[in-house]
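Encoded as C-alpha cells, the following chain is the form predicted on its own, with no partner shown.
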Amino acid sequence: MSITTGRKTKRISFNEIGTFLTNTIDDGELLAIGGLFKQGRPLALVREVIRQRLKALKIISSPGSGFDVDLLIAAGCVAETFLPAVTLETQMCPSFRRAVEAGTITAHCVDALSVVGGFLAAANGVPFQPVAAWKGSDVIKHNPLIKEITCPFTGEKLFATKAIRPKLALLHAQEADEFGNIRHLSTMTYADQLIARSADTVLVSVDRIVPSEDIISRPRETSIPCIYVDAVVEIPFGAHPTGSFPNYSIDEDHIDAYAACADAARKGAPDGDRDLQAYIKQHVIAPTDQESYLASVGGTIRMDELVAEAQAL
C-alpha cells in the first residue's frame, strides 16, 4: 500500500520475482516474452525463470525473438515454440537450431500475422481474428494457429487465427510508477501492448521506477496502463544483454560470446556442453541479484560503455 495515496502498490522486489513466477505459471504452460530481437527483452526475468527450474514451457513472443529464447532452450526449460523468427540477426540461434534438429523441442511453423492476430483477438476478448491475407499461400498448411472460415455475411472464404492467451507475459520497459503504469521511452514497443492486454498475468521489469506524479503529468506517454499489469519490478539494465533504448545499447560482444559457446556445443566440440553449462552457471544460476549479475558481465565499466553508445545514436 502506498503511504501517500493509500492505493495498492504493484511494485515487487527482485527477491520476490521467483515466488511470483512459481505462483503464476506451472511447467508446460504458455509463456509470452516481449521486446523484439535484441531490443527490450526481459532478460533478468527470463534468467529467474531458469533459476526456478520451470520445464516444458510453451514459448510465444512478439514476431522477433532470439537470445532469450535460445538461453531458455539451452537451460532445458522449453518444450514447444510458436515463434515467427528466432535469430541473433547476424547468425542463427545455436541452441534453438540444435534442439529443432535433434527433435527435443517442437518448433511450430507460424508467421507474424498469426501471432499478432492471436494476441489481438485475446486482447479484444474474442475467440479469433479474421485474416484475408493468407489467400493463395501455403501458410495454413503447417500453422496450428489458423483455420479456414466462412464469412457469415458474404459467404466469402477467409482464415482465422485463434486467440492467444498466455498464462504469463514477461515484458521490459524503461520506466513505470509503483502502480504499474508503464512508459516505453522508445517508440519500439512492438507487440508489448497487445501481449499485456492478452495475457492472464503480466510482470514487467523496468530500468527505473519514477514517481506517480511524473506519470500523471505526462499521461499520453503511458504505453501500458496499470489495469493490464499485475506486478512491476525495478531492475537497472534488466534487458541486458539486449538493449533498452535510449538508456543503453545492445551488448553485442556478450551475445556473440554466448553464441560461440552454444554453437560449439551444437557442433559437438569436446568441451562444448561443459562450457555452455558453465556460462549458464556463471551468468544465470550463480548471481543472487542484479548487482552480482552485472558484475559477472563487466560491471559498471561495461554498463557505462553501453549507456554512452546509446547516447551517441
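Heads up, when I say rigid core I mean the largest set of C-alphas that superpose within 1.5 Å between the two forms. Worth saying up front: this structure is predicted, and the values here are computed from it rather than measured. When you see a residue number, it is the position in the sequence shown, counting from 1.
Another form, the form predicted in complex with another copy of the chain, is not on view; read the next lines as being about it.
Remark: C151 counts among the residues lining another copy of the chain in the model of the complex, judged by a heavy atom distance of 4.5 Å or less. Mapping the unseen interface onto this chain, L145 counts among the residues with a heavy atom inside 4.5 Å of another copy of the chain in the model of the complex.
In the model of the complex, A79 stays away from another copy of the chain, with no heavy atom inside 4.5 Å. Though the partner is left out of this view, K167 does not reach within 4.5 Å of another copy of the chain in the model of the complex, counting heavy atoms only. From the list 125 to 133, 232 to 240, 203 to 211, 69 to 77, the contact stretch for another copy of the chain in the model of the complex under a 4.5 Å heavy atom rule is 125 to 133. Residues of 186 to 213 placing a heavy atom within 4.5 Å of another copy of the chain in the model of the complex, in sequence order: S186, T187, T189.
The Cα position of K135 differs by 2 Å or more between the shown form and the other one after fitting on the rigid core.
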